[in-house]
Structures are given as structure tokens and as C-alpha cells.
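First structure 1, then structure 2: two forms of the same chain, each alone, as C-alpha cells.
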Structure 1
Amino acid sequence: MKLHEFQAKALFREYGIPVPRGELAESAEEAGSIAQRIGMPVVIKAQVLRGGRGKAGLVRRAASPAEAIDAARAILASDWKVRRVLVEQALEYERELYLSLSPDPVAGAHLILASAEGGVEIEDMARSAPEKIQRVRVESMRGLMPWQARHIAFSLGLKTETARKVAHIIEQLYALYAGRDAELAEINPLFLLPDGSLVAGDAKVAIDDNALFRHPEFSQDSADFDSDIAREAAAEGIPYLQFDGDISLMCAGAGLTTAVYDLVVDFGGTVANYLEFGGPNYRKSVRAMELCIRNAPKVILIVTFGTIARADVMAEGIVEAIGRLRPACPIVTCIRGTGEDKAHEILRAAGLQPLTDTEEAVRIAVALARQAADREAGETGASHGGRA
């Protein structure tokens, strides 16, 4: 679960990480009043759960309350469906740093990334100048040791007093990360001000969905979702993305789902939704199909490859879902993995054709969707002709 910047910065304050003075506004006029109250200049930031705000013109500097009103009005009227903006004091700084904490699943540990050059795309720096990024692993059982925080800070080439302050912020960031079951805690940029103080210019925090039962303080507004279906899927713990095409994807595995999406587009089709019901959700076939059907797709394409998530169990769930929900559109299945032979028997008995080649399944789904679209176009044309 991703937090908005204003939510992440509230956590930063709680853990003693300095942030700029700022307040949330829901209208352009309110943004102007806040700007007047906290003092000029200010920065107006869209509060949306998407990246690329700066490039999209959703982060704007204002030198007066009138400019703040104009900036907020433009941001709230954008195509990004912005409902709130953060009005924050603009800071003059000497340099920008980067800090982040995230899991390292391969090592079974946690990874701290730090760089003396913040405010840039860390992925680009990792490719072009990896030597500029400090990487330190933290053992889960021991946690962050004070010497590790100091080692990271001094490795950035900072002056002694600044390094000590950075080490303290690293320790506080880790306390937040561990204490709130975060999957990501990032400061980019961490501003070094002319007076030697440090302030988190931006904040990104993502909470592990599996730990949300321990954190009732976190909840997402319905406006954070692209659709009611996406909101319901999130409540079920089912990864879901809303699109406006013809083919609903029910796939097991995020990587497989993404690959199938690309194949649909490559073969000339369009995707209605991306739904991933693998992993812990592989027994949720009925609920997953119910969510897909609400998109009124022309085809439901089911592609899975299960190891721990058994293919035969998924096939049983799919057949149960079809029996209970009676979808009006065709179902195309490509079920592979543990229990595959049994899965195919179950599908055949239900009148479904079990495919084993993903590309073939996608081609069939795209063809069926195209046929349905042509049929609808023909019916519409005939209807219009009849009225004429």
C-alpha cells in the first residue's frame, strides 16, 4: 500500500525526520490561504499515487499567494484526477542527498541505498554511475547497527557534523521502516540547507499489504483507485489494474500477467483489466472472475503457471466460477504447472479447451474479441439502418 507524500511526511515527523512546513489543500483558494500563512515562496505538489509528477507539471513553485492559487488550480484541473495538493515551504539548499530502505529478498535481508547525489532517477544512476551509490545490507534478526549508519554517512564524503546528522536520519528512517512494516522508505531528495540542517524534501513510503492488519491507521480513499472494481480488488488483496479494452486478464504471477498483457497488445488486442490471482490468491477464482465480468469484457483470458499455486485447484475454481457466475463472454484457458494433467481433465469435463501454449491462447483471445467487436458493429449498423 503506497502512501501519499503528505501521509509519508506525517510519519517522518513522528519519527523525528525533519520535513518542510506544509499543509494539505482541497481547493485553489485554500492553497492560497495556506501559502499566505506559511510564508512565500511555496511549492504546490499534487497528491497522487503515481510517479513523474514533476515532468507532468504537477509540482509547481509559487512566489505569491496569487501564484499559489493559479498553480493549484492548474494542478487540480489536470487529467491526473488530483483532489488534493500539498502546499509546502520552498527551501534554498546547498545539495541533495538520497536515502532509501527496501527488502533484499535474495539475501533475506534489507538494503540501504545512499548517494551524495539526490534529486535524480536512482535507476539511471545505478546504470550509468553505480559507484556513486552506497549499498549496505541489514540483517533482519539484528537490525540496523549504529556503526552501519555512521559508515554509510561518512562514505558519502560529508563533513563530520553533517555525516553525524545523516547517520541519525538513517537510524530514524530504519525505525520507521521496521516499525511500520514498510516495503519502501525513501527520501529523495534529502536537502542539506546552508545552515547545515537536513530536511526531507520528498517522502515515499509503501506498507506491506500483508501487514496492514497490524496498522489500522492506514487506509486508502476510494478516490485513490481507478475504479470501484480496483477498490474492491484491493480490499481482497488481489492485484488489479483498470484499463478500457476488450480482454480481461486473469493470470497467476505478476511477471506472467505483464508478459500476457504485452502479447495481447503485440497481437493487436486491447486489455480490459489486469488481475493477478496467483500466490496467496490462487483459491480466489470465483471472486477474481466476478471482478473481471463487471468490466463486460468480450473475452476472459486465463493464463497461469503454478508451482506452489496448484493448477488443478485453480481449474476447479475456474469451473466453479463459470457455474456460479455464468459469464456471457468466451473463456480462454492456458493452465500450466503443478497438477496440470488433472487441471486439463477438469477443464475438458466443463467444456473448456485446455491450451498449453501461451501465445496460442492470446491469439485465440484476440481473435474472439475481434469477432465480438465486428458482430456488435454489424448489429449497431443494422439497428441504425432499421431506424432510417
Structure 2
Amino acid sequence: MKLHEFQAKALFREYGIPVPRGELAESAEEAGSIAQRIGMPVVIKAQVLRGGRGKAGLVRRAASPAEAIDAARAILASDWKVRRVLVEQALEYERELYLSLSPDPVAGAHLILASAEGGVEIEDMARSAPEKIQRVRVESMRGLMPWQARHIAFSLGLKTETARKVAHIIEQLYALYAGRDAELAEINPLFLLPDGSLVAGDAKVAIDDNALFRHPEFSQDSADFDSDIAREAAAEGIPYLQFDGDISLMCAGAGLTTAVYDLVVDFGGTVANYLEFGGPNYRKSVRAMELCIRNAPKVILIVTFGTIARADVMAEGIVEAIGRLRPACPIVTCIRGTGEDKAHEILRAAGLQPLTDTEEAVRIAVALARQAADREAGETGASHGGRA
């Protein structure tokens, strides 16, 4: 679960990591009055979870409350569906540093990365100038030792007093990362101000979804979903991703669904959504199909090869769903695994053709989607010319 910048900065405050003065605004006017209160200049930053907001013009500087209002209005009106902006004092800095904590899956450890040259993507720096990155591995059973924070801070080539402050921030960032089960805690940039103090310019924190039961203080914010359907799927515990293509995937098993996604694209189709109803959700056919239908797909493609997720149970559910939901689009089924003979009987009885080969099923689904598109094109008079 990725946190918004303003949420991450609230955590920073809790752990004693300095952040700029700032407040959250939901309207341009509110942004203006916050700017007034904080004092000029300010930065207006879109609170979105997607990367690249800077390049998209969603982080703007303002030298007056009026400019702040304009900037906030422009950001809130962008096609990124921005709901909130963070209005923050704009700081003059001498230098930008980089700090992060993330897991090291091979060692079963945590990894501290630090650089005296922040403000750029760490991946880019890792490629272009790896020697500028200091790394220290933190044993996961033991946790961070103070000497590790000191060693990394003093190895950045900073003045003694600055290095001591960096060491302290590393300890606090680790406390946050470990205490809140984060999968990432990053400060980029960490500003070094002319007076020698350090302030987190940005804040990226992602909490491990599997550990949310230990942290009831976090709740998925409705703004964090790609769509309403995605939010409903999450509430149901159904893995779901929103796309804008033609074919709704309603499959069982993450690996298989991903492979089917690849085949759809290989064969020239487009995906409306990724949806898994296997594992613990294999009795939720009706709910799964309901979510798929909401995308008005041209085809629903069902592929399963389950062990625990019984084919017959899923087939029954699918037939029930069709009866209740009466989807307008064709349904392609390729259901195998435990109880597949019975499943195939059930599907046949409901007038569906039980396929057994994944590639064949995907090809048929792509063909059906194309026919539907061509039909729509014919109906609306538009021509898809080049398409075969």
C-alpha cells in the first residue's frame, strides 16, 4: 500500500524526521489561503501515487497566494484526476541527498542506500555512478545498529555536524520502516539547507499489504484506486487491475492470468481487466463476473487450471452468474483441473463450449472481440480500415 506524500510526511513528523511546513488542500482557494499562512514562496504538489508527476507539470512553485491558487487550479484540473494538493514552503537548499530503506530478498536483510547526490532516480544513479551510492545491509533479525547509521552518514563526505544529523535521520527512517512494516521508505531529495539543517523534500513510503493487520492505523483511501471497480474488487479480496481494452480476463491463478494477458496481447487483442477468482475466491464466480461486466467488455475470457480451486464449482458459479447477470458479450471458457469432467458437463448443459487449450481459448476470444469491434464500427459507420 503506497502512501501519499502527505501521509508519508505525517509519519516522518511522528518519527522526528524534519519536513517542510505544509498543509493539504482540496481546492485552489484553500491552497491559496494555506500559502498565505505558510509564507512565500510555496510549492504546490499533486497528491497522486503514480510516478512522474514532476514531468507532468503537477509540481509547481508559486511566489504569491494568487500564483498558488492558479497553480493548484491547474493541477486539480489535469487529467490525472488529482483530488488533493500539498501546499508546502519552498526551501532554498545547498545540496540534495538521498536516503532509502528497502528489502534485500537474497540476503533476507534490509538495505540502506544513501547518496550525497540526491534529487535523481536512484536506479539511474545505480547505473551511471554506482560509486556515489553508499550501501549498508541491516540484518533483519538484529535490526539497525547505531554504528551502521554513523558509518554510512560519515562516508558521504559531509561535515561532521551534518553527518551526525544524517545518522540520526537514518535511525529514525529505519524505526519507521521497521515499526510500520514498510516495503519502501525513501527520502529523495533530503535537502541540506544553508543553515546546516536537513529537511525531507519528498517522502515515499509503501506499507506491506500483508502486514496491515498489525497496523490498523492505515486504511486504503478510495482515491488510491484506478477505478471504482478496482476498489470494490479490493474490498472483496479479488486481485484486479483496470485496463481499457476489450477482453475481460476472469481467470484463476496469478501466474496463469499473467500468461493469458501475454497471449491476448500476442494475438493482437487488448485487455479490459485483469481479474483472478482462484484460490480462496473460487466460489465467487458471480461477483467476479459482475465486476467484469461493469467494464462493458467485448468478451469475457475464463481460463483456469486449478487444484484446490475446483473446476466444477467454478463452472457452476459461471452458469449461475450468466443466468443472473445475462452478460451482453460472449464468454469463452477454458476450465481444467480438479473436477474438470464434471465442469465440462455443466458448461455444455448451459450451452457453453468447454475448451481445454489455453492458446485456442485466447485466439477465439481475440477473434470474438475483433468481430464485436467491427460490428460496432459498422453500426456507428466508422471504419477500422487496416484491421484484418
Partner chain sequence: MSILIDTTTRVLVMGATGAEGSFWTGHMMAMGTHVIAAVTPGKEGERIGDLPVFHSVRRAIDARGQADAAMLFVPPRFTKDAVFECLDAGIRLIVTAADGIPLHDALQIRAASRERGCMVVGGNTSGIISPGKAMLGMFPYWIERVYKPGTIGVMTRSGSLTNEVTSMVVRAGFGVSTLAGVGGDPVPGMRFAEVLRLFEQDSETEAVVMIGELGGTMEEEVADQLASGAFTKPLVAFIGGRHAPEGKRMGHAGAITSGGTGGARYKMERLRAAGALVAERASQTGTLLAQALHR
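Between two forms, the rigid core is the largest collection of C-alphas that superpose within 1.5 Å. Quick caveat: nothing in here was measured; it's all calculated off a predicted structure. Counting starts at 1 and follows the sequence of structure 1.
Structure 1 is taken from the form predicted alone, while structure 2 is not. Annotation: Cα of Tyr261 displaced by at least 2 Å between the two structures, core superposition. In a rigid-core overlay of the protein, Cys329 has its C-alpha displaced by at least 2 Å between the two structures. Put the two forms on the same core and the Cα of Glu67 is off by less than 2 Å between the two structures. For Gln371, the displacement of the CA atom between the two structures, after superposition on the rigid core, amounts to 3.6 Å.
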